[in-house]
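Okay, here we've got a single chain as structure tokens, the form predicted on its own, with questions on binding and movement later.
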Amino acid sequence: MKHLFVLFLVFAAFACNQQEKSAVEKIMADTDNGGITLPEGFSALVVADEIGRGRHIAVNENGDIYVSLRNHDQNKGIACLRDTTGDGRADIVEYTGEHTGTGIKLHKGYLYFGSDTAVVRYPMQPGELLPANNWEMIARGFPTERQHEAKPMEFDGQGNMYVTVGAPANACMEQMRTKGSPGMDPCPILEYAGGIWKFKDDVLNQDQLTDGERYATGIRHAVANSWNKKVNELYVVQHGRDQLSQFFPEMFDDKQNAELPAEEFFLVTEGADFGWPYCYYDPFQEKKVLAPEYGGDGEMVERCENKMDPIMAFPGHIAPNDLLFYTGNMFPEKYRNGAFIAFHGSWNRAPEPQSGYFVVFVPFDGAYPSSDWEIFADGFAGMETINSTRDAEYRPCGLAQGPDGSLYVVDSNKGKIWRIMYS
């Protein structure tokens, strides 16, 4: 009986994989892969061309797609897409939702949405593309900010929701983004932002400061968040601080300004402190150093010695905007349980060329990367040399895995959606 059971499991896995392959074989990729470049064996098609300024994306078990919008389109903040013909392209696009924002997740029969000041949820309706309009408030009380205001959320499968609250500052300076201004010490922003807050995932009207728990701190701004089910831990990728040479020209030149600090990939455990605003990570010295606003000289460590280091460092200012751990069967074995990260692209590396505007892959072994990162999907910007974000035709922002193992990427300029497949 044991051998028969093993054979059954093998056959079931094979059948599932064949079904995924069969579904993809019915879908024709675009001859130019929708204008992007991919590794050998991969192809892509454009699911939709222009749905509005997309942020994050979620794909339901039936293939329906939901995209959070930065601005209202048709007075709504969520684009809902369905393919009724089986060709992989959305032939129905409808809009719903009162809120605009970034975070969007399907969870426990609801569509959760992270606006800039709250997390709400819309009940899903079986068989219907649009969720019901009677939304419920899950978490509120977040500050109203004009920078780093996104509120992406993630779930651990154990009844908890984690919301990143970005710091509305560059480095907690006394005079915001002002040359030579010292940093506030201690930084008062850390009491209500610059970290991750933990809530119950199904309790209504929770207030950030009275009902939420501060799970981790010292995170300037992390839009790219994901719960890694393989190891049962939370991971985020941080946007590092800006303008070192502009504010401290006596210490940093333009080249250093373009490369420092690194964008940091964090494994986030409860109580962790990653050092912002007092510290930043220098990838060339491979250590956290004291920020100049707090007396640092580019090499000094001091209070940064005990801050948590990243598990991987990326080039400065390339703006990680989404993170996904791949669990599908469509892609080759090397991609299983590894991480895809969408980099939105820099604005502040001038006079050096801007960088990013691609999706990278990081292989994992257990809880940590097993080797260096590599560019997986490129060409979104439509040009090689980018001097300004205005030059980029598309900017990858959100990632999602489809039920067949496809990888979806959404752009934030116009809302173009790519579906990446392997055969």
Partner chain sequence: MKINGILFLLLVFLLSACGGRKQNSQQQTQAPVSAEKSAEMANHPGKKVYASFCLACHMADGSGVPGMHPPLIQTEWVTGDKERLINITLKGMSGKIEVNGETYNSIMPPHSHLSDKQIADVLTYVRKSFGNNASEVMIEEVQKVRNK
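Numbering follows the first chain given and starts at 1. What you see is a predicted model; the values in this text were computed from it and never measured.
The next section is about a form of this same protein that is not shown, the form predicted together with the partner chain.
Given a 4.5 Å cut-off on heavy atoms, tell me which of 276-284, 294-302, 176-184, 87-95 is the interface stretch with the partner chain in the predicted bound form. Contact criterion met by 176-184 only.
Worksheet entry | Non-hydrogen atom contact Asn348 with the partner chain in the predicted bound form at 4.5 angstroms | Looking in the predicted bound form, residue contacts with the partner chain include Asn348, since a heavy atom lies within 4.5 Å.
Any non-hydrogen atom of Lys255 within 4.5 angstroms of the partner chain in the predicted bound form: It does not: once the partner chain is placed as it appears in the predicted bound form, Lys255 has no heavy atom within 4.5 Å of it.
Practice prompt. Although the partner chain is absent from this view, report whether Arg146 comes within 4.5 Å of it in the predicted bound form, heavy atoms only.
Written response: Because a heavy atom of Arg146 falls inside 4.5 Å of the partner chain in the predicted bound form, the answer is yes.
Can you tell me if Thr389 lies within 4.5 angstroms of the partner chain in the predicted bound form, counting non-hydrogen atoms only?
Although the partner chain is absent here, Thr389 would touch it in the predicted bound form, with heavy atoms inside 4.5 Å.
*Out of Gln246, Thr117, Asn160, Asn337, which one falls within 4.5 Å of the partner chain in the predicted bound form, going by heavy atoms?*
For this set of options, the contacting one is Gln246.
| message | So the partner chain isn't shown here. In the predicted bound form, which residue out of Asn205, Asn134, Asn71, Asn306 has a non-hydrogen atom within 4.5 Å of it? | response | Looking at Asn205, Asn134, Asn71, Asn306 one by one, just Asn71 meets the 4.5 Å heavy-atom criterion.
| in the predicted bound form, does each residue in the set Arg53, Gln354 and Asn413 place a non-hydrogen atom within 4.5 angstroms of the partner chain? | Every residue of the candidate spot has a heavy atom within 4.5 Å of the partner chain in the predicted bound form.
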